[in-house]
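Encoded as C-alpha cells, the following chain is the form predicted alone, with no partner shown.
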Amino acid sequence: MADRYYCAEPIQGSSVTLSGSEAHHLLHVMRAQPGLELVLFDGCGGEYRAEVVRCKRSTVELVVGPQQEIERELPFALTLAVALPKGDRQRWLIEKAVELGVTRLVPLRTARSVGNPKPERLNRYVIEASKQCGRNRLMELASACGWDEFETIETRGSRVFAHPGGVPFGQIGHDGTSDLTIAVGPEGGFTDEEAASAEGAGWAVVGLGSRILRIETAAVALVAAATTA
C-alpha cells in the first residue's frame, strides 16, 4: 500500500496543496520528488490516488485522481465514553480506539477523573492512527462531558458501562450490527453512586473479571468484544 497522507481540507477537483506537518514529512523525511505516488484522504470518506508534481519550501503540490469509495468502518456506530488517563496512556488509548473502529469518543469527567484532555493533541493522535490503519473517516472527538450529564443523554442502541460485579459482555445480547455506547470510568472506577445512577438511567453493567484493569485496558477489552461479536 502506498503511504497515506491526510488533507485537512475537503478534496475537490484534480489538485491539492499539502502544508503543515504532512508537507514537512514529505519534504524532510520522505525527501519527496515529483513523480512520487501516494494516497490522500480528507477524513470524510473515500481515498484518492495522488502524485507529487511540485515541491516547494514548505508545501507540496499534487495531482489527484478520482475518489475511490473505500471504507473500513464498522457496520454500526460505536461510541466510547471514557475518563481519559494521563500522559502517553492517553495517546495509546486513542490510537487503539481508532484502529478498532470506534466511531465517536467522548472524554468523561467523573468523580475520580485525573486526565486533562487537550483537543488539538487528541485530534493529531486520531489523524496519525487513521493514516496507519487505513480508515478514511476520522473518529469523532466530542467535547468533554460530565458523567452526570452523559448518562442521561439519549443514544441509539445499547448502553453499557464497566463496573465490578457486572455480567460478561457476551451476555448483554449485542448482535454486532446495532449501535452501541460503552462507558469506562477512571482509575478506581465509577463511584458506587455513579454506578447506581447509571443503572437507574437504564445502563447495563458489564464486568471485566476479577483483576483490576487500567482504563485503557478496560476500554480496549470492551471495544474488542463489541467489534468481534
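One rule holds for the numbers: they count along the sequence shown, beginning at 1. Values in this document were obtained by computation on a predicted structure and should not be read as measured data.
Separately, the form predicted together with a small molecule exists; it is not shown, and the next lines address it.
**Student:** Out of 43-51, 196-204, 58-66, 160-168, where are the residues with a heavy atom within 4.5 Å of the small molecule in the predicted complex?
**Tutor:** The contacting stretch is 160-168.
**Student:** May I ask you to check whether E187 falls inside a 4.5 Å heavy atom distance of the small molecule in the predicted complex?
**Tutor:** Contact check for E187: yes, within 4.5 Å of the small molecule in the predicted complex.
**Student:** Although the small molecule is absent from this view, report whether L208 comes within 4.5 Å of it in the predicted complex, heavy atoms only.
**Tutor:** Residue-level check for L208: yes, a contact with the small molecule.
**Student:** Is V220 close enough to touch the small molecule in the predicted complex, meaning at least one heavy atom pair within 4.5 Å?
**Tutor:** V220 lies outside the contact set for the small molecule.
**Student:** Please determine whether I215 contacts the small molecule in the predicted complex, using a 4.5 Å cut-off between heavy atoms.
**Tutor:** Although the small molecule is absent here, I215 would touch it in the predicted complex, with heavy atoms inside 4.5 Å.
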